[in-house]
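Just the one chain here, the form predicted on its own, laid out as structure tokens.
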């Protein structure tokens, strides 16, 4: 199979999906109204509710959802062969992810910019809302731990990426000030900032003393580090501390001061990165030697493929961003199509090049099988395989391998960081909602809620167990992230389906992907929780089993309640909540 042909087919499907399918949904299903007063205008406060240009908001939204997951998931999922991964990425993006992300954004805008968890009360009652908020809170906590773990490890593995990533922060603050206080257009300053970042990347790749290598500072991998933890564990702990201090500040600042401008820079960074990789693909013209399907896989691709790819096709976290931050910044209701659906398409484009970068890395099927010898090996090496494969594609444009590797690692870290601080901000909202629900006034305070979010993340990510030693909490809970994330997407689609049914419009566009996603996810979760993670005296999987079992039971409860609401059994009880 020729890799260029795969790219052309995938990109063509994405373009057609946005051009025709999203337009049909916007005009015939959601019936977007350009004169509707959005929450950004109605509740404008200069902190969370800020009317924003759709291109700037798309940059914030896209980079918030485009973390390491749409790269990592497909890079692992090719273990079952490139064909099933490719098909789910393109079809899932067009018919599931785009509808989900667009739908949660539109639903939130029509409900005062409330999060999908809060809106749930209108459709499945107060009890269902509380259970749903628990699932959301657990998922966001896992996202925080996973991405903090990923970033810290990337900083250790690629020390040349540290300075370019951190130099972005003062540049973003400057851009935010210039745009909102001096009324400057954000585009040119963002491109200047991007040029500074890449110039710094080239400099750090070439000049070793500019690389912030904490492990080397402590004597190398064999060094004792602090308190006898070892050099690697100490470096990891320091980076986690730095990241959590950063996200605390970033998630409490007004969105225009840091998040929006930094995410706008990252949207250009991703665009440049994708242009480099796809252009490099044209020049290298690689052949895919990896198998279309892997008959030797030690676990069934059904349903784990869909769980593993996760954000590369559809993600519940995207709905949290759509209804948690993006809906509060939407200038016109008609902008929801561009921000929501096209944001999902951008995610699909990233997932597609992740597949191509990995499967063109190998010179033969035997080489692929040696690296992807098991599902565990695929999990361990997926991200590294992408960085290596992407560097080879970038090399087609004459970019030296060490510089290409640094740039690719910066892209991955930048998007993981945007996801991390957006997730902490969302967790703050959820904690405040729970505090309001249970009449705990302290939890509704911004800094108290943020402190709870950051400290709980630190406690989880620094669990001193697992294959990576100290601080492997993010690694330990990664298997639960995929199922919980897809489950959240399925439940969100279920809520959107109820909304559309009550509006009297065609709800098949959400009902069909919802049924498919919930079936696959519940099947996978049941298998994992009660067979794979049931410890029977072995405590190694206790955390996964306990959290997974609770989420599974709560999900069943929510689904049954939602189905009753969909059938009309709760109409009298919920009549007062209808929009």
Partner chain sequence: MNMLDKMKKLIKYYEEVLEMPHRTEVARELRDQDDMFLLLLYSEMIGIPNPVYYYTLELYPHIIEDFHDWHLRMGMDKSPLTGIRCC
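Small disclaimer: the values here were computed from a predicted structure and weren't measured. Numbering follows the first chain given and starts at 1.
Not on display, but discussed next: the form predicted together with its partner chain.
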Check your understanding: Is the gap between residue 83 and its partner chain in the model of the complex 4.5 Å or less for some heavy atom pair?
Key -> no
Review point. Heavy atom to heavy atom, is residue 185 within 4.5 Å of its partner chain in the model of the complex?
Key: yes
Check your understanding: Could you tell me if residue 38 has a non-hydrogen atom within 4.5 Å of its partner chain in the model of the complex?
Key -> no
Review point. Contact between residue 477 and its partner chain in the model of the complex at 4.5 Å, heavy atoms?
Key: no
Check your understanding: Which pick from 528, 510, 52, 521 sits with a heavy atom within 4.5 Å of its partner chain in the model of the complex?
Key -> 52
Practice item. Quick one: from 501, 268, 122, 112, grab the residue that has a heavy atom within 4.5 Å of its partner chain in the model of the complex. Key: 268
Exercise for review: Considering its partner chain in the model of the complex, find the one stretch among 129 to 137, 176 to 184, 153 to 161, 312 to 320 with heavy atoms no farther than 4.5 Å from it.
Suggested key: 176 to 184
Review point. What residues of 337 to 376, in sequence order, lie within 4.5 Å of its partner chain in the model of the complex by heavy atom?
Key: none
